[in-house]
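The chain below stands alone, shown as structure tokens; this is the form predicted alone.
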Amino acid sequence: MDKTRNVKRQGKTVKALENKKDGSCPYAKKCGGCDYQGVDYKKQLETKEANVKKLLKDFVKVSPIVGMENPYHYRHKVHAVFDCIARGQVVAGVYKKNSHEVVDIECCQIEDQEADAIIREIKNLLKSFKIKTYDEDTGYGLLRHVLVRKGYHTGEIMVVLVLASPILPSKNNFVKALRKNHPNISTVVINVNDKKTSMVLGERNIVVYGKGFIEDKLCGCTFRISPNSFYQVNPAQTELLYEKAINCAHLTGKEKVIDAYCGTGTIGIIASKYAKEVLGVELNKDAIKDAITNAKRNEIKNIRFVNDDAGKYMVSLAEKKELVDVVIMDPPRSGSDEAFLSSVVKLAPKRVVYVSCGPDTLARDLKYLTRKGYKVTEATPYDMFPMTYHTEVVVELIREK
């Protein structure tokens, strides 16, 4: 089959997959990434809500889950691993569950469609530019992964080429060819990952085209997104989630707020519009740099950031008898730990807003906080990741006198 006919065939296949009306996914059995693939969306929401209610039944009456009007193509951060199989065929997609076998995916039901199209384009360009995919076993080859990030409100697109070497052959022509069909690409970055590791991104970034980052708007604020920045993958639901978290803080403009596990400062910067003072604490120094940049970009003057362990820093504030009105905490899926939770108790804020991406670890942490004088007054689950079992929950706690 000649190249033109092959491209046309691929185009028809992709279009057919994108327009499937029955909601089924042809990769479901191979991929395994979507736990609820093929399950009616209403049923998905009912299952997730029931799970949160079961976990939190001893603490509070859980509000109805907030789902999406359209639960498809919500991921605005898309990662594809590249490999080469029999007869030199390049594949790009995800690892098959519990393996390092790459499932070749033309388009995904939960990924942004433009991002998927860019990954397909890169796959098609590799042969003409004589770029070899990286082989994990031999360490031979160049292209390991491609990461595409897209601004939900701005439409700006960043393409990150994760290479085993900093040298991309004919890089300017490669970018020109890529942008020919995808002019919305505003920046292209080479990320160098020359180590034998399961980590996707390396530490070094080389800007090939554009400014090396994109921007997006969230709850009226503008945020810079760099290749290594943390930024929620579902911006539509994130806005609702963060608005709820701010509402649960009951800010009047007089409060001192701590944004613990603040990352790149998103929640704290949004909260700063309604508080007297916000202090963001984060252990990751690169995230703190992004947070400071984001605060300057939004001309926020009543927020500052500290690069430290949040728990230890809060204990030091308690020892100094610093008064804090609200603690907003957004820990990883593993939840918090007793050291951090005890620091919250010692600091004794009037209100705690817990944003959780792990309802089971949330229940464990609430058990500790409710024993130490806090009462759960509200809990609202959000479906941030349709087709998967993951659920986020915003919880409000108040200190009982």
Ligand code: SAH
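For the two forms, the rigid core is made up of the largest set of C-alpha atoms that agree within 1.5 Å on superposition. Position 1 is the first residue in the sequence shown; the rest follow in order. All values derive from a computational prediction rather than experimental measurement.
There is also a form predicted in complex with the named molecule; it is not shown, and the following applies to it.
With a 4.5 Å cutoff on heavy atoms, residue 232 counts as touching the named molecule in the predicted bound form. Proximity of residue 143 to the named molecule in the predicted bound form falls outside the 4.5 Å heavy atom cutoff. The closest heavy atom approach of residue 242 to the named molecule in the predicted bound form falls within 4.5 Å. Contact check for residue 200: every heavy atom lies farther than 4.5 Å from the named molecule in the predicted bound form. A heavy atom within 4.5 Å of the named molecule in the predicted bound form is found for exactly one of 152, 134, 74, 261: 261. A single residue from the set 215, 101, 308, 322 has any heavy atom within 4.5 angstroms of the named molecule in the predicted bound form; that residue is 308. Heavy atoms within 4.5 Å of the named molecule in the predicted bound form are found in exactly one of 314-322, 276-284, 167-175, 219-227, that being 276-284.
With a cut-off of 2 Å and the rigid core superposed, residue 339 has a Cα displacement that reaches or exceeds the cut-off between this form and the one not shown.
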